[in-house]
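There is one chain below, alone, in structure tokens, taken in the form predicted alone.
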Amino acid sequence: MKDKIRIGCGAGFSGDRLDPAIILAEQGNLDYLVLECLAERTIALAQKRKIKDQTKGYDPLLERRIESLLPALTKNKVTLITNMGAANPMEAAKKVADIARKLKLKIRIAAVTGDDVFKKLETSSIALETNEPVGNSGELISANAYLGVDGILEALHANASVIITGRIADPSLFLAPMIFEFGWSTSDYDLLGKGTVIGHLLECAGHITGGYFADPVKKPVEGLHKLGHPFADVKKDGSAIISKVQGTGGVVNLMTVKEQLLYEVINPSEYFTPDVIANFTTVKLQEIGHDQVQVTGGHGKPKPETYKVSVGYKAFCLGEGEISYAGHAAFERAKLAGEIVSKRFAEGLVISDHPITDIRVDYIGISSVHRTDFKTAPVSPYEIRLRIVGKAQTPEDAALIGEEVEALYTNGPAAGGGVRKLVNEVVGIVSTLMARTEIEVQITIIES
């Protein structure tokens, strides 16, 4: 058993940068590198890709991340844990093995499965957000349970150096190596609570090193163009020091750590995970050096008897069109353009088999975010970007919105330009609960 390990977080979401993880793998002196690349929407979208092609459904950046990381991970004996398997951990693991063979590297890969519970989902299960059956949401396309540390622990005991998972709770990706290396009992909820605090602090990567924190006026952060991602030196007692690789941009201080500690936390005294219900209210933070914050405290109580399940469904098709106006009376011309398109749909002048609903008109720079100008916008700014969106049942109907915006080129008002059209099939998400006894976690080992 070890007394201390170093865990780095190289990605905090699917579209995160690639270079911070490479720096951690090459210069971070890590024991473990975690890439946290999954969220409710991303796994539902991954399920859509898998439906079209059964060999897909893993993270779109998997190949690029693995090709760039494997040489350094292998050389420095760093274990990789990632949920980039998304909707298809098995195919992701096979792809990693293919890349390793191409690079002539011998590694042991584990795919953790069991989170896909679509076939076990009862449509009568109650959605937490609506208090109605999940089947009422629409055509269901996915159901993934938030698993805990169990599968990762089994993979670590099997000596896997790359562990690919699907939907596992974010802090669990970091907690598992602590349990494995320190020999913690999975029923020692105080230690699991402490470890969950550390995992939560690391999971969003650049959040805690100043990225999401930064504000050039009130909270300036230097070197954001080369932002470093964090690592934690974790001790057997569940304390840790959060830091980053020397020479990288960003900052780790009390403010960045406090913001991340409370990120997405509704009740800090009861933070539910599949492994423990953690208590963040007893956490103590101390800035002990440059880019070094010590984390102590945190407690926990027994894990919940159910798993949270994220359910994806086909919500609607979103049609979108944008056009710009500039110069004299730009805002007035944009408003007229929005009124023209809105009236055409309202009066049925646009030929469609189904109604286009929820037409929304945004004036980007004035009312597109808060949906009101707060009476502070100038009467007529020099330039304005008009955005019109609406919901439809089919992609063909949704495309009509962009077509109507494009028609403004010659059908009024004057001098519109730079039209952009987009159709997107939107996936909706609701959550429900499922008994632990319904879910079986498995691992599959692949050698490169």
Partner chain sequence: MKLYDIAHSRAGDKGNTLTLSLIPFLESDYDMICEKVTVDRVKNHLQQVVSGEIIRYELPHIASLLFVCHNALLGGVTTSLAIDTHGKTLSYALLEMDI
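Residue numbers count along the first chain shown, from 1. Model, not experiment: these values are computed from the prediction.
Another form, the form predicted in complex with the partner chain, is not on view; read the next lines as being about it.
- Figure note: of the listed segments 175-183, 358-366, 93-101, 159-167, the one touching the partner chain in the predicted complex, with heavy atoms no more than 4.5 Å away, is 358-366.
- Put simply, of 307, 345, 189, 316 only one has a heavy atom within 4.5 Å of the partner chain in the predicted complex, and it is 316.
- The partner is absent here, but in the predicted complex a heavy atom of 258, alone among 258, 120, 226, 301, sits within 4.5 Å of the partner chain.
- Under a 4.5 angstroms non-hydrogen atom cutoff, the partner chain in the predicted complex lacks residue 222 among its neighbouring residues.
- Within 4.5 Å of any heavy atom of the partner chain in the predicted complex lies no heavy atom of residue 353.
- The partner chain in the predicted complex comes within 4.5 Å of no heavy atom belonging to residue 50.
- Though the partner is left out of this view, residue 426 does reach within 4.5 Å of the partner chain in the predicted complex, counting heavy atoms only.
- Contact residues in stretch 28-57 (any heavy atom within 4.5 Å of the partner chain, taken in the predicted complex) are 40, 41.
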